[in-house]
Each structure stands twice: as C-alpha cells, then as structure tokens.
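First, one chain by itself: the form predicted alone, in structure tokens.
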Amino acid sequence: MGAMPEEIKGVIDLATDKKEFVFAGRTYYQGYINNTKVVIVISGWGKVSAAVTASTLIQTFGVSEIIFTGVAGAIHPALRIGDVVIGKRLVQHDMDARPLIPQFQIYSLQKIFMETHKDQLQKATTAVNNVLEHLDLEMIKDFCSQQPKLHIGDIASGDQFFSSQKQKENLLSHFPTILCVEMEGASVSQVCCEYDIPFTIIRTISDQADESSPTDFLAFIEHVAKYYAVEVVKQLLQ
C-alpha cells in the first residue's frame, strides 16, 4: 500500500501477470513479485482512506500481511531528509474521545500504541539496511546532504499535514519518542491489529514538518522515495 500514485507506481511496475480489480474507486493490482503473490494499491491520503483500503485487502483479497510505504515529516531532530523510519509502534495523534476514554486510546483495542510484530521488524530492518548500504549517493545528491540512515521507533498518524514548528512541539509534548508524522500508518496498523494481520510501516523522510519543508515535494518522491519503495519491496520478497 501507498497513499499517493508517485509513492507506489514503481512497485506496481515490478509486478508481473497483473490483473486489475476496482473496489470503492480504488484499483487493486494483483500479480507476482519474485514469485510471491501480491496485491498493490494506492489508498489515497488520510486515515479513513487507508482503513478502507486495508480492510478490502484483508476481506476481499485475503492477504496474509500488509506493507505500507511512503513519505513522512521528521519530528525527532536526529532525522534528516532521505532517512528511513520503520514503525515499531504507531499512534493516532488526533484521536481524542475524552472524557469517555483516555486521550489517544483506540476504543476497540483498549490501547494507545499499535505494535509491529518482531518478525516484521527484523525483516524490514534487514531489507532497508541492504538498500541503504548499496545506495547510489550520486542519484540522490540533489535531495540528501548526507548518507541516509535507518531509524526504528514510534510513528504518529493523523488527518493533518504538519508544516510548523508549533505543531511539532505540541506533538512532542504528548509523545516525546515520536520519530516522524504522517497520515495513514496508525490507521492501517489498527485495522491489522483488529484482524490479527501482521503489518509493516516504512516511511522515507521527505521534509522537516515545519516552515523549512521543501517546495519540490513530488520531485523528492519521484527520485528518492519511489526508488526506496521499489528496492525495499524487492528485498522483502526475495
């Protein structure tokens, strides 16, 4: 899964023997990557779009696990553009049903954080490290000022695009361990937890989630994030 066409088109192109299915306005591409049967889909932005798509993957296609890849804004100061984050825990930062339940808690799961299975974390870690180790720095020099690094930790999701330092500081006041912020991962992880399906959320840092965010967002996705997605998926499905 990916939220935007630019993030996931390269993975669609990887698949062979593709068949297309349309549900709720989304095209699902069923085929094979390295002899593994896969379904690839562009969910659209936001938690609801991601949840609808994840549910269809599980209920209609019977997938055994879900991998979500895309871009995110950096929250932790150690992250740089081009770094990769694998979500160890995911939280919906805009969930607030107080006073009925504690802030940020998911009612159906009775928890705040959704945790990635250890096996998925290990597989993703190996895959991303292999990609970054063999990365052609010349190819990404216009976007990344240093060798990209892998980070594993907490990701926050919500229906809000972060573009100010104030937003970052507010999020960190609630969750000091958050590495990056995006709009779909925690929704996908909630659906997977409720269906007991393994999931992996992999994010490429595209901006600093503040006033300094680059204007050529789509160019970064085309030249960096799309490449990461293709290479990581190839590694995961060896």
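Fair warning: this is a prediction, and the values are worked out from it, not measured in the lab. Just count from 1 along the sequence shown to find any residue number.
Omitted from view is the form predicted in complex with a small molecule, to which the following refers.
(message) Please identify the residue among C192, I67, V181, L57 with any heavy atom within 4.5 Å of the small molecule in the model of the complex.
(response) Of the listed residues, the single hit is V181.
(request) Identify, from the list S187, S206, T200, T53, the residue with a heavy atom within 4.5 Å of the small molecule in the model of the complex. (result) Among S187, S206, T200, T53, a heavy atom within 4.5 Å of the small molecule in the model of the complex occurs only for S206.
(message) Within 4.5 Å, heavy atoms only, one stretch in 103-111, 147-155, 131-139, 69-77 touches the small molecule in the model of the complex. Which?
(response) Residues of 69-77 come within 4.5 Å of the partner.
(message) Even though the partner isn't displayed, in the model of the complex is F23 close enough to the small molecule, meaning a heavy atom within 4.5 Å?
(response) Heavy-atom contact with the small molecule at 4.5 Å: absent for F23.
(message) Quick check on Q160: any heavy atom within 4.5 Å of the small molecule in the model of the complex?
(response) Taking the distances in the model of the complex, the answer for Q160 is yes, it comes within 4.5 Å of the small molecule.
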